[in-house]
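First structure 1, then structure 2: two forms of the same chain, each alone, as structure tokens.
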Structure 1
């Protein structure tokens, strides 16, 4: 069964090819069968492979399908590497991915681009599987660029709206910055270590580079650049909220199972490099902490239901980076797994709300929907509890491990822990702000005729509810990957510390209740303060990052484009063209057709050559 690991990305890739080549001519039931069925087949195979691998007693398995390129001493192939980390990732991608595909068969049923949608989704899953299963950085990078391409296609899926095209281009360009950094990092690693096979490269790095080595610092920094781009962390986080322009199943797939987790996976997979560069590893922690706090403040001010969830994703990925930065590698991947369940649940439930309300996304135009949308209400309740790390939900266990890992770090660990706890407090506020506004209070203008559903939409929601509640009790087999089980060690801290960690998000929920349910605290009164209004505008703008980047990069580029409208570079080449034409005209004039002139030219040329030879 392990020998069939190459079929995991092949099934969705074949689905993509069939759907593309048939150009939308297949009936929708057949499209749904191919689109969702191919990912479902990959999940079933992944489950069988995982079962055999887990019971095989080996730490890893390699399957080389064929050699892709061989130049001198460099070899790179389509080779797949299975260990505890890639096993967890492939199950998340195929399992959560299948549920999202199944949900989308109902959500997108009336869309004229039905076949095109599933072709892009299949390619997305295939690329992500190549990314996490590749045993070399070249194959990983192929999958890395594949998910970037698919994100562009899917975010701009409804391309007739210019704003969607802008959001797609923004995502593509911003992530290209990180991808360029990563590519340079691969060049550096190959130049210094002579291989891009991940395990050989990590072994060589441990042997040849000392802790704090300049090459280790440079390589890890360059890889970190790629990670912050794909995972939407500071300073390249600005693309992700605008990515909500795509259909809601796309948002769920990007946020829960594929693209934004790629950066977390990259750092975890190359963790040896970051351990050789402890300053860069600590930078990972600080980037995660600052990003999670910035995103939390911004989520407090959003009115679009999907943008609130988008900023919560940026914040939760920040927790994963915090875990990676403090060396809680397993805890970070654990949170990646639990987050996949509850964030997919929340996005798909928001899709049901949006569809039931005829594509309304403003939470201030909703209200009192708990009885009219019972499945969405229950989904949001469970997803929100898990997101806020309510005790004994999945998010509680994974976030708890990250915070304890930070607290165990000497020196700045206490500050990182306090920042993470503060982030949990704001998570409670913005998550239940969304929940209370949508499902409680008075109706604010939009009444659903009925809850859109059916087994293909409600079934994935029920399964994800179970995962959001119980996934925290799973044990991930990551000890052999990271050589220690640090995330699952027993952290001995006082009951007061544990109580503070549990209370922080609960206090946030309570504050949200006082503002948005009981009315004991007034939002209008708070916004009457000029400082509050200023902070609201600042946070709502994403801390002015887009404004800053416009003035640093976009506007100067547009200015150069305007002054270069006539294309000065082309004019330089135009001079060369004119000179060539003039020389050609001179040569043409020598072609007279008279034999005596040609003979004289030959003799004159010989005399000139002989004379130069004698003189020189």
Structure 2
């Protein structure tokens, strides 16, 4: 069974090929069957493989399908590497991916680009599986770029609106900045260690590089560049909120559950490098912390239901980075998994809400929907509880582990922990702000006729609800992957600390209740003074990062492009042309056509020569 691992990405890839080659001529049920079925088949196979692998007792399993390229001492194969980490990822991708595909068969039912949509989705799943199963960094890079491409295609899926196109290009280009950094990292690793096979490379790094050596710092920094791009962390986080222009199942699959966590996967996969560069690892933690706080503030001010969720995704990935940074590798991956469940749930539920309201996304135009949209209400309730780490939901366990991991760190750990707890407090506020505004209070505008649904939309929601509630009780088989000195062991922390961690999101929910349910506190009152209005605008714009980047990079580039449209260098040759033309005109002047003039010039020349001869 294990040697069939190559079939995992092949199923969705075949689905993609069939859908592309038939170019939308297939009837919708068949498209749905191929689109969702191929991912479903992958999931079944993945489950079987995982079962066999878990019972096999092996640490890892490698299968090379063919040699991709071998040039001199460089070699890279199409080979798959299965261990606990890639197994978890592969199950998340195929499992949640399948649920989202299933949901999308209903969600996209009226879209003319039905077949195109599923072809991209299938390609995405194939690329994502390549990313997590590749045993060398080049194959990982293939998946890495492939998911970026699918993300681009799917964000710009409704291409008639230029804004969607802009968002899609922004996503691709911003992540490509990170990808470029990662590519340079690959070159550096190969130049120094002579291999790009992940396991060989890591063991070579361990033996050849000392802790804190320059190469280790450079390499891990460059890989971190790739990770922050893909995972929408500071300073490359600006693309993710705009990426919500795509259809909602895309936001669930790519921009919440799977692709954006690729950066977390990359760092976890190459964690040995980061352990060799403790400063960089600390940087990862700080990036995570700052991002999670910044995104939390921004989420507070958004009015678009999907943008709130997008910022919360950025924030939650910030937690994962925090976990990675403090060395709580398994906790970060654990959070990755629980987050995949509850964030997919939230996005899909928001999809149902949006569709039921005929593509209304403004939460201030919703309200009192809990009776009209019962399934979405339940989904949102469970998803929001898990997101805010309500005790004994899945998010609680994973976030807890990360925060405890931070606390276990000597020195700055306490600060990181405190920041994380503060973030949890904000998570409570913005999540339930959304929840209360959408499902309680007065109806503000839209009255849905009925909730869209059907088994293929509601089924995935119920399954994800179960996951969001119970995934925290799962145990991930990651010990073998992170066996070298995981920082986080069983720490005994005081009840007070635990109390803090449980209380902070609850207080956040309470604050949210006071503002948006009971009305004891009012936003309008807060907005009364100009400073808070300014702050609101600042946070609403995502801390002005877009503004800043526009001025730092986009405008100068556009300016340079505009002034040099005609190619300066070509103009230089133009000068050459003008010079010779001017020379021509000058000489042409002498050809007057008058015989006398010619005779005179002959005489003049003679006189000149003779007098020169006489004088010299």
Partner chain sequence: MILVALIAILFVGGLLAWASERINPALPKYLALLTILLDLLLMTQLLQAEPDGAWLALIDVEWLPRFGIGFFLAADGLSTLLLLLTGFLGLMAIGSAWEEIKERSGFFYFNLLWTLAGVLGVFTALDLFLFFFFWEVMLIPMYFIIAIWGHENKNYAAMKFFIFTQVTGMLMLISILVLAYFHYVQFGAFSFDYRDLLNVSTSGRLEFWVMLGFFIGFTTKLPSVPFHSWLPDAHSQAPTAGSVILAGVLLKTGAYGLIRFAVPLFPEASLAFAPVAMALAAFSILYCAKVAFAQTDIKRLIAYTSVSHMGFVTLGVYAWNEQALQGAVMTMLAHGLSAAALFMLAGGLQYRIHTRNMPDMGGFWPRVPRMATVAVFFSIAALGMPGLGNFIGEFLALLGAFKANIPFTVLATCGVIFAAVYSLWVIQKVFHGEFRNEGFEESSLADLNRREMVYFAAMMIGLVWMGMYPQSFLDLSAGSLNNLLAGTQELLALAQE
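Positions refer to the first chain, counted from 1. Keep in mind it's a predicted model, so treat the numbers as computed, not measured. For the two forms, the rigid core is made up of the largest set of C-alpha atoms that agree within 1.5 Å on superposition.
Peer 1: Assuming the other structure does not fit, state which one is the form predicted alone.
Peer 2: Answer 1, the form predicted alone.
Peer 1: How about residue 592 - superposed on the rigid core, does its CA move between the two structures by 2 Å or more?
Peer 2: Residue 592: C-alpha displaced by 2 Å or more between the two structures.
Peer 1: Core superposed first: is there a CA shift of 2 Å or greater at residue 22 between the two structures?
Peer 2: No, the C-alpha position differs by under 2 Å between the two structures.
Peer 1: Is residue 255 displaced by at least 2 Å at its C-alpha between the two structures when the rigid core is overlaid?
Peer 2: Yes, residue 255 moves 2 Å or more.
Peer 1: After fitting the core, how far does the CA of residue 608 move between the two structures, in Å?
Peer 2: That residue's C-alpha sits 32.3 Å away in the other form.
Peer 1: How much does the C-alpha of residue 569 move between the two structures, in Å, given a rigid core overlay?
Peer 2: Looking at the C-alpha of residue 569 between the two structures, the offset is 3.4 Å.
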